[in-house]
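Coming up is one lone chain in structure tokens, specifically the form predicted alone.
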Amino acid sequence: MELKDMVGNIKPVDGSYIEIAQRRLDNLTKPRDSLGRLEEFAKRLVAIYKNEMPDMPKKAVFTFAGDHGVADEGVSAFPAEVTPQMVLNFVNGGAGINVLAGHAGADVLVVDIGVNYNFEDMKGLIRRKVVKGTGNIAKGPAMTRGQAEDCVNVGIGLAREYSGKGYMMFATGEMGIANTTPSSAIVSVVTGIEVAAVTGRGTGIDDDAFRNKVRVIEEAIELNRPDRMDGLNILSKIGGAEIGGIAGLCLGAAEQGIPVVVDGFISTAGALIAYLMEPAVSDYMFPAHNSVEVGHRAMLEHMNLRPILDLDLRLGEGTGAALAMTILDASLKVYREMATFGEAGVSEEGA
């Protein structure tokens, strides 16, 4: 199926299931709406699953990894060789995402979609390499439009494959030295906000490096002239392979009727690309947290999404999404397991 045809098949969630869930929530042994956003999450999950009493989901965090040629411009505090080193750390179970995904009861699936390194076959690594790092966006486009589409298709394919394996909740994560630079470029292009106002310090750069980063992003946008209405054009001109994979996972999740928990700044850049391709995809997204990166809130507001957590996180990898999964689990547990007034023999409000 062509990408444009697949995207056209994504539909908004069925609002009738929101009403079904609301009736049950209002009949549970509590004052109406007293569990706040937990009730909102439960209603949305019921509607996404189209199931009046959904089971607790089997969960997976997809951590997409890719390198960026723009790292050559000194925009990151870490060298590019950290990307493959961290991929191996993920696979060996030693990273923050491994710890927090384990806490959430989610599997970590590490995806090499664009790392400039040749990994051997190993358990826990999904090899879907489209490019060996993207081009330096300060000197030209990140990749061709065809490569960008291939990256999106990797994410869609993984959503379909793991839906078929029984996974019913996905989360996005990423690893790629310098990837806050293309993400800042994306948010500036799409929202129209000036680069300096949506650019953060990534892995912790100093003032001089920050000023350089802003300059590099401004020059990359001027040079490549991405079309703010065309998600694939933006992705190819100033994006990244892992950002494209995340966009595809968001689209594929929506196609499969599966919620996707979107991690922080870079993951949300991928979600924003998906949103540009089909706005209905936002019905299936749960933004995990409000990142310290200053451009994150602008992207969430553009998609009219509200984060679940606000913990000053900026690690990436999918860590915030793993934590948010535990909140979504709690919302479903309340919905499924709490007694109704009738079951508990408790008088209802106003009775």
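One-based numbering along the sequence shown. Source: prediction; values computed, not measured.
Not pictured, yet referred to below: the form predicted together with another copy of the chain.
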Notebook entry, point to check: For Tyr284, is any heavy atom within 4.5 Å of another copy of the chain in the model of the complex, or not?
Noted result: no
Item checked: is_contact(Asp208, another copy of the chain) in the model of the complex, heavy atom dist at most 4.5 Å -> no
Notebook entry, point to check: At the 4.5 Å heavy atom threshold, is Asp310 in contact with another copy of the chain in the model of the complex?
Noted result: yes
Margin query: I'd like to know if Val346 sits close to another copy of the chain in the model of the complex, meaning any non-hydrogen atom pair within 4.5 angstroms.
Written below: yes
Next item on the list: Name the stretch: of 147 to 155, 132 to 140, 251 to 259, 84 to 92, exactly one has residues whose heavy atoms fall within 4.5 Å of another copy of the chain in the model of the complex.
Entry: 84 to 92
Checklist line | Interface residue in the model of the complex among Arg225, Lys165, His103, Arg127, criterion: non-hydrogen atom within 4.5 angstroms of another copy of the chain | finding: His103
Check: Are all three of Met6, Asn118 and Glu278 close to another copy of the chain in the model of the complex, meaning a heavy atom of each within 4.5 Å?
Finding: no
Note to self: Using a 4.5 Å cut-off on any heavy atom, which residues of 137 to 165 would contact another copy of the chain in the model of the complex?
What the structure shows: none
